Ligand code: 1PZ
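Only one chain is shown below, in structure tokens, and it's the form predicted on its own.
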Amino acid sequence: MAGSEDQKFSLQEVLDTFKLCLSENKEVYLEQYVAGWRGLVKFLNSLGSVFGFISKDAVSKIQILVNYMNGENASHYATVQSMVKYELDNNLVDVNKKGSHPESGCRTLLRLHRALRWLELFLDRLRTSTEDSKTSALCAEAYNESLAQHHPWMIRKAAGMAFLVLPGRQTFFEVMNVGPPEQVVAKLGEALPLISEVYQITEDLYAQHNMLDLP
């Protein structure tokens, strides 16, 4: 078992990782993207089992991508852009919605991409929240604006229940491990534009190839 130190979430670490995510010509490095997600999984897990339904899924998706990044075609999985090109050129993506490539890198990343949007919206709401803001409401709003649209009713219902038992704003800020609330707010202010940019570049790329609804 890894020590608890390995499990500790650090907002700074996620910030640093997303900073390294983009190449000079705005390609998204998969290795950094996955590393950023590992940090976000730690964040979800540090809040207890509430977000288990998201973090477990994220962990399995990360593993699929890691297998590609370490596999025989690793060179094609250096960036999101190279992966999209390679998989589309070789008909490895289920563009016809037949479910024939459930484990393609493109589909796998899309699932993480959608969840990233939810986290981005939620963290932004936390950043602009006040002491008496209810985290359950902030989280539910962010979820309804993003992931909920892609989840079946049962999962949406479970998520709604899970959000009700979220800890307060103070706990979230402590979990970030960056100091007092005003520092957390400042750090989130730095991190969110980076996450947002990575999200937007991926979103535009997927939109361009009509892949935002891969089954």
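For every residue, the number given is its place in the sequence shown, counted from 1. Just so you know, these numbers come straight off a predicted model, no measurement behind them.
The form predicted together with the named molecule is left out here; the points below concern that form.
Looking at H151, you'd find a heavy atom of it within 4.5 angstroms of the named molecule in the model of the complex. The closest heavy atom approach of L47 to the named molecule in the model of the complex falls within 4.5 Å. Looking at C106, you'd find every heavy atom of it more than 4.5 angstroms from the named molecule in the model of the complex. Not displayed here, the named molecule is approached by F163 to within 4.5 Å at the level of heavy atoms in the model of the complex.
Looking at 50 to 58, 66 to 74, 27 to 35, 177 to 185, the stretch with residues near the named molecule in the model of the complex, meaning non-hydrogen atoms within 4.5 angstroms, turns out to be 50 to 58. Using a 4.5 angstroms heavy atom cutoff to the named molecule in the model of the complex, none of V84, L88 and L92 count as contacting.
Contacts with the named molecule in the model of the complex, taken as any heavy atom within 4.5 Å, map within 128 to 153 to C139, Y143, L147, H151.
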